[in-house]
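What follows is a single chain, given as structure tokens, in the form predicted on its own.
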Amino acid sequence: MEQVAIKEELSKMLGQEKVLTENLDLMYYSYDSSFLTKLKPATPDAVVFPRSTEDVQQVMKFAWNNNINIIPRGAGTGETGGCIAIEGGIVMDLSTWSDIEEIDAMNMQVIVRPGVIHADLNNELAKYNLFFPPDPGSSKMCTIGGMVANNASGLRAVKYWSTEPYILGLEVVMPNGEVITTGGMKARTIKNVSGINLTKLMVGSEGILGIITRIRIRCIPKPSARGIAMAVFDNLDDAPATVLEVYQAGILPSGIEILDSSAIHAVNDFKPEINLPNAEAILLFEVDGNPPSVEYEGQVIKEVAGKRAREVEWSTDPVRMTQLWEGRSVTATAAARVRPDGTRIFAGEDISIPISRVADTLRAIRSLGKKYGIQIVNYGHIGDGNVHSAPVINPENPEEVERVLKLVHEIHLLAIEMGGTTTGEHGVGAVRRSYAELEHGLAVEYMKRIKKAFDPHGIMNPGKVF
């Protein structure tokens, strides 16, 4: 169907206020936060803003009958090209559909529409002393629907893991317009092993199987106390060794972050008043729970880390904790400022490897940076092996762009070689799809069969995942 006809039909169907058709508006939707879309933006044929399940059904039936691609989109904070119409089609912007439909505090769950912002949801849950634990760095921007689609995690995945364990059920509009409810049509239970678990299949499917329109989320009691320890290391290998020894001591922090020397220098150059100690690595341990347990665990961490670290500081004072955490919180911004003519790009930024291989991996990434003449800032969630590498380049320099693309390709290969994965939390999208067979082998063929069963016309977010 011609683009003009698609725009006209959608406007008739939903009303002009729910449809964008002007070229300037559509251009905005040709990007997300990925470097891929900066190099190859892809403009959709139209953008729609559904406000009900029925709106989504109408659009899906129209797309199904006319073989038009559908691309779901949240806040556009993704870094993989996952919400971009790389093969054309209709972008379904779910970010404005932000209703918190019900907080069922008695049953420790909440029902939301996909456009709810993560931080906004937790602000509401706090009134009931509850929270939704996964904590992505983009908490004040990212949507719950986007988190579900990518199985997002973040800073506190060590203790609280990713989004998937908290999703109890979903309403999903299938490519043909049918609506299914996973997790039980009337269920309000926390436990359910009835039938094939379609909820888990949908979480992390990156929009290639259907459109998620309602989300039932498990919440847990909000911890009453929190503490932070900072450990400074002159030897890079001592950082992951300390993490493993903390685990062996029976302590499970809510988060463990690492900044290597590149990140430390970036933070100090960006904000000198933070004044991080010059070292090969800094670890930040966050502990939460009730006050006695937090204090006990903090002292154990201090004792364990003190065996290898040059210095260790532990605090439960809110002001000091904010100061200790500030270095980590500004790292991503600081990385973008290490070159006056450069910017940080999102490309090979999300590998995850075994904790025991973190030091080897960081050294290998440093060597790759030198090989290609690209400055890289390394930091991440060492507690679960998730390393964020931030290459900094001048994107207007074609030769530098060519070098950085070779660099990030080698970083992805390195992750697999180290027994890891090309993405720990950001997803595959279009950026990492070429590594699917190398990472998963024959399993990719079975993924494709599932995709075919759910979406025989191939209209759901094509060109993503594999």
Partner chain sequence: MEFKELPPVKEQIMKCVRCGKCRSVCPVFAEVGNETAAPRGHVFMVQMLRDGKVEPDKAVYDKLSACLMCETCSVNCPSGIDVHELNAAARSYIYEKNPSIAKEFIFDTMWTNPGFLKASTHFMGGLQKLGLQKIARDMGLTRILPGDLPEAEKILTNIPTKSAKTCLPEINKTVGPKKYTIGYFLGCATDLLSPEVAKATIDVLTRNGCEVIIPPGIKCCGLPHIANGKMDTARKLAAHNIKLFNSYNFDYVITDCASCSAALSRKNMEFLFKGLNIEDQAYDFSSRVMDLTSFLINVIDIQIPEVKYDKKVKVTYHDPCHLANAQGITREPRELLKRIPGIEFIEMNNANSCCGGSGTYSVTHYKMSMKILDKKMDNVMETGADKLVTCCPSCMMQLKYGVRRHNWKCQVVHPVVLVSECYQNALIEQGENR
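Positions refer to the first chain, counted from 1. Bear in mind that the values here come from a model prediction, so they are computed numbers and not experimental data.
As for the form predicted together with the partner chain, it is not shown, yet the points below apply to it.
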query = in the predicted complex, which of the stretches 399-407, 30-38, 59-67, 412-420 has residues with heavy atoms within 4.5 Å of the partner chain?
reply = 30-38
ask   = Pick from 390, 75, 301, 168: which residue has any heavy atom within 4.5 angstroms of the partner chain in the predicted complex?
value = 75
remark   = The one option of 311, 234, 341, 178 with any heavy atom within 4.5 Å of the partner chain in the predicted complex is 341
query = Does the partner chain come within 4.5 Å of any heavy atom of residue 10 in the predicted complex?
reply = no
query = With the partner left out of view, is residue 354 within 4.5 angstroms of the partner chain in the predicted complex by any non-hydrogen atom?
reply = no
query = For residue 95, is any heavy atom within 4.5 Å of the partner chain in the predicted complex, or not?
reply = yes
request  = Evaluate residue 366 for contact with the partner chain in the predicted complex, applying a 4.5 angstroms cut-off between non-hydrogen atoms, and reply yes or no.
outcome  = no
request  = State yes only if every one of 20, 49 and 141 has a non-hydrogen atom within 4.5 Å of the partner chain in the predicted complex; otherwise state no.
outcome  = yes
message = With the partner left out here, which residues of 383-403 have a non-hydrogen atom within 4.5 Å of the partner chain in the predicted complex?
response = 394, 395, 396
